[in-house]
Ligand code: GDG
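One chain comes next, on its own, written as structure tokens: the form predicted on its own.
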């Protein structure tokens, strides 16, 4: 890998570019910013910092020339159909994803997957080495690219390298299953700072570095001898300003009222929004909710659960089977417990526009977020951010990273069906003053630790001098917050 003498002073390396290809009514092909907190957090930094974002453009066997969009320099990295099958659907999502989520589904250990993962990580590292200016800050994102930090350090020791893992990092007794366990750790310690969603994940990482690589750790640091690697939690958050602005729009508030009317104006509207994934606990949640009706605690027309399951990895057989299982379960619940025109569960397997999601958050009396394992779960934080009226309630899994911060949610163990039923009923029956007290506490946390504070905190830890240069030494907790009620 050759070193450049010029280039971007700030580089983000992610599996995907922060834009989606779109075609307008006239047939013109263009790009539109992708939804999501990561783009919201890093876009302003990139515009300030002469930044470049590297990632796949979304179409197999095609890599457009670098281009500018939304004030950002975007550098496509090509992936072939074979890369997608072996590196992405294979090692990333059939090996790492289930293993890192407590082996909820059996991980697949296939040497072809690993070989493809190494090859693609090398390609991303090469692209970053080519783009980064001397002494640049490079921030590598997520589990698909865990080998990139060490590869990049070998090629460009002048760089300041950060890595952030958006999903959980497992304890030793699970991680040790991985045939390539040392290689992944060696890849990650190529970074100067390795960030995790939860403190326990950072602890798991430091202990494994000691156990498998022999490096001692002190506090947040792993001591490599020649340098120190900082490994700690930087819990990601949401763009509160954007969400509050949407929630205040009259047309969004009217859409919230329309949603309730379309659902028959139930006394209680419960909402769940998940990617269709086996880690999200959808089956357990449906089981618990249906039993509330079977037990006579709720009746048709009194309460309805809106379950949105957005499409996910539909080329993977395991996910196709999960969709069939969930849809069969919903049909059985409505057939056995619902009434004509009055379903128990209103199910949708589709993606929703941002405005419609915010309207649903405003319409919901109770948000039910019960994954069996989740790095963070930003849906929980989005719901809290939108509820300036302090009238909603959040039922939240203990196994979501958000539970570390949203202590005043109605916390549940999603494996405990009876416990989940009790907590849902507690949320429904809570007095308005208790709901408001809980929501006010949670909103304070989300407002003061929004996605901008997350990125500022990480970058100030990675390179304080660089962060000072681009004016992000202090977490930007006040951006647009003066009009946000807590």
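Positions refer to the first chain, counted from 1. Keep in mind the model is a prediction, meaning the values are calculated, not measured.
If you look for the form predicted together with this ligand, you will not find it shown, but the lines that follow are about it.
- Heavy atoms within 4.5 Å of this ligand in the predicted complex map, among the stretches 297-305, 269-277, 173-181, 249-257, onto 269-277 alone.
- Taking the partner from elsewhere, every residue among 97, 350 and 374 has a non-hydrogen atom within 4.5 angstroms of this ligand in the predicted complex.
- In the predicted complex, residue 166 approaches this ligand with a heavy atom inside 4.5 Å.
- In the predicted complex, residue 413 stays away from this ligand, with no heavy atom inside 4.5 Å.
- Heavy atoms of residue 403 never reach within 4.5 Å of this ligand in the predicted complex, leaving it off the interface.
- Residue 310 belongs to the set of residues with a heavy atom inside 4.5 Å of this ligand in the predicted complex.
- A single residue from the set 344, 222, 379, 145 has any heavy atom within 4.5 angstroms of this ligand in the predicted complex; that residue is 379.
- Listed residues 87, 361, 289, 196 were compared with this ligand in the predicted complex; 361 is the one with a heavy atom within 4.5 Å.
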